[in-house]
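Taking the form predicted on its own, here's one chain by itself in structure tokens.
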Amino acid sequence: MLESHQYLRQFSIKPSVQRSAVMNFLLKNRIHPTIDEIYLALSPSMPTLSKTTVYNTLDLFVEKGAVRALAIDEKNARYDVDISAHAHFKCRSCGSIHDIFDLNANMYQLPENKSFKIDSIEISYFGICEHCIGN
């Protein structure tokens, strides 16, 4: 799990067994998972892991800037380990979330307005993915 340890250290996060396991899951499963999905995937091999630990770990990752929390799902927060500027697409049929990187850079710019100090941007698209369209 050297990869997850190195990643955590880049954000001044002290690696622990639980933190490394959660980060390793995020790095290997770029599915924008929920807390429940992460917990269900890790708990069989980590019987002492609790949902609270997963929640607190993700909260720390977001606070340190290692992970983005997405508000694309009205029921659950989703987590994205890719912190680069990009948008997301959520399929209304299957619920999958996809990264969109090839956007016009101007989409991230607000018109000149001196009364706002922007610290984050979240662009989300909703519709039907190509897999669901074909079915």
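All residue numbers refer to positions in the sequence shown, first residue = 1. From a predicted model like this one, the values you see are computed outputs, not experimental measurements.
There is also a form predicted together with the DNA; it is not shown, and the following applies to it.
A.B. asks: In the predicted complex, does Ser16 come within 4.5 Å of the DNA, counting heavy atoms only?
C.D. replies: Contact check for Ser16: yes, within 4.5 Å of the DNA in the predicted complex.
A.B. asks: Can you tell me whether Arg92 touches the DNA? I mean in the predicted complex, with a 4.5 angstroms heavy atom cut-off.
C.D. replies: Contact with the DNA, no.
A.B. asks: Any chance Asn56 has a heavy atom within 4.5 Å of the DNA in the predicted complex?
C.D. replies: The answer is yes: Asn56 has a heavy atom within 4.5 Å of the DNA.
A.B. asks: Using 4.5 Å between non-hydrogen atoms, is Lys28 touching the DNA in the predicted complex?
C.D. replies: Lys28: no contact with the DNA in the predicted complex.
A.B. asks: Counting non-hydrogen atoms within 4.5 angstroms of the DNA in the predicted complex, say which of Ser84, Ser45, Ser50, Asn104 makes the cut.
C.D. replies: The option sitting close enough to the partner is Ser50.
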